[in-house]
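Let us start with two forms of the same protein chain, each given on its own as structure tokens and named structure 1 and structure 2.
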Structure 1
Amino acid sequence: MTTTLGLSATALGFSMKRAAAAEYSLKFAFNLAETHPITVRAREAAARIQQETNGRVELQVYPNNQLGSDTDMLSQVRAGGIDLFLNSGINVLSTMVPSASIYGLGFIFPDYDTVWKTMDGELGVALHKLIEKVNLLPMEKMWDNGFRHITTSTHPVNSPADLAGMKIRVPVGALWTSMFQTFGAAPASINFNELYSALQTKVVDGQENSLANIKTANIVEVQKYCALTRHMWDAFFCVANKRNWESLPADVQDVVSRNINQAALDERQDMAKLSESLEDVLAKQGLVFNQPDTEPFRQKLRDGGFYTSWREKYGEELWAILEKTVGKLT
């Protein structure tokens, strides 16, 4: 966070004239593309914050890894170089708070109603308390990154057996690797910015992502089939550097947190609508969809000890809170 006086500024990537420079300038960074709903809503929040504070506060939005990789940005928000960082609990924040990944377990959420009942409820509160222990302050609302689905270039995935031996790209994270190994696949951890090339050169035959990411990354150009498995749900915590945040006046904290949380709620609606419309858009571009029965996948994870293993890692307290909304997993 920087505090400046008497300088002119251009905020948020679009032209906006102001009578005076911002008194408080906050950096808000994440890895999503410029066209992603998260970026759009973040910029809207920045404009509202600037307006409501009469230019006292400038929220500078840095999407698309402009300030470095997720690992780099996590280090920066811990050090205070970044004020607010939007990141996944599954494979980013979990490097510091292992339990933050619990919501990414395979096949636990049947729909968005269950997601938000869980994450805006008792489990979300418990995870926030764990995050605060590492001197990061999470905003109240998570930002939706969508349900994830499996795409392939070789054949449709209708059952767990169709994943046996498949070379599939997964993000860097133990939860993904563990799940796809249980299915008998050969998961390869590859960074998102290398995904398209890996698919194009046949380093891997498949990958898994939300429809929004499949669209924005042009995955349809290098994949033929998409199984609507909804096997994992991902979302982002918005975390603030504790020292920087607590140095802000209470009225500034209120305006910033209120608008960021509202942006998260608006973005959730965007993603829900996109999940309905993007299937048609991608189908017209040539992606062939199928809708497998997910229960055999969930049973395969049970039989393979996936849930039992992760229950031991997360502990009985968090596991019991999770099962209150998603039902028994083991």
Structure 2
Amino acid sequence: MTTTLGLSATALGFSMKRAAAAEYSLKFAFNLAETHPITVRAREAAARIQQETNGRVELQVYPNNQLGSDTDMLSQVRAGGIDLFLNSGINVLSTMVPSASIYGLGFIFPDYDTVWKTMDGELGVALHKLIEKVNLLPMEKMWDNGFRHITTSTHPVNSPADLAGMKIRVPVGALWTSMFQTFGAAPASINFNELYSALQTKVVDGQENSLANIKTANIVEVQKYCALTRHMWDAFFCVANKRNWESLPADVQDVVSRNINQAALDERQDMAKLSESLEDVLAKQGLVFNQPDTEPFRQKLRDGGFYTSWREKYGEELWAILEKTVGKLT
């Protein structure tokens, strides 16, 4: 094989095997930044897959919205142009599978133990079944997107009153809009790839995200205050285009799913560690933190009928499964 520069592949240090095109190439796409632990662990999975299959299987990792916004990527994974897509069940995936957002209800998870007991347990299984109905196949393990906090450029948020009428970006999902409307804010649904510029140009004054995203997506550069509200927890399903996935031989499915699930478990550890260390790092970058009492926020959701109206939408069956691990909600 010769390159366009007229050098042989071996002269460049590649073995012929490496230079040969892989027999199976899978596109794995998502919205997170290059330095986010999800991207780091996804690239590790790709390297292990290449090694274990001697280059026969290639996992092509496209982070940072390289293949488009979440809305675009969802269309592409449905059509088969993307093979594997990481998306939150509360985000655009919920436009197709509304009940996939149930784990995003405000203030339901006290800690990571409860989170994983719920999502690796009965609720996770029930949500996988709903996602399969739209011909997307979820890999077994979810990837952590962290507990979320509110950042603003204008003023610290200490109580729901500080959110009154505030223009705040939320991802594209009905639960997010509903929650922030119930808090009294003016939420705008904006895809993650447009978040930085929406904050920079003051289309919105605030947003809410994990500390990992506030750091790796450089949100800290365009925000001043961060209220540690932990108002909800989020994670990603890794969904495969069903037709593409089923066309792969069983041994290829095995090596890909095993390594992707392992990467998800590794990434969960990274996120748990980062949730403890990033406050200091971001404070040094100039972000001003405050720790509000969260009870008035919870009360606002209860008084606004947030839980009872979503209970009706999700239905009694899913609601009962959720309450088994998180306790009574209404």
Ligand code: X2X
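All values reported here derive from a predicted model rather than from experimental measurement. All residue numbers here follow the sequence of structure 1, with the first residue given the number 1. So that the term is clear: the rigid core is the largest set of C-alpha atoms that superpose within 1.5 Å between two forms.
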I need to confirm something. Of structure 1 and structure 2, which is the form predicted together with the named molecule?
2
Please state whether Val134 has a C-alpha shift of 2 Å or more between structure 1 and structure 2, with the rigid core used for the fit.
no
With both forms fit on the core, is the shift of the CA atom of Gly89 between structure 1 and structure 2 2 Å or larger?
no
By the 2 angstroms cut-off, has the C-alpha of Val125 moved between structure 1 and structure 2 once the rigid core is superposed?
no
Core-aligned Cα shift of Ala198 between structure 1 and structure 2, given in Å
4.1
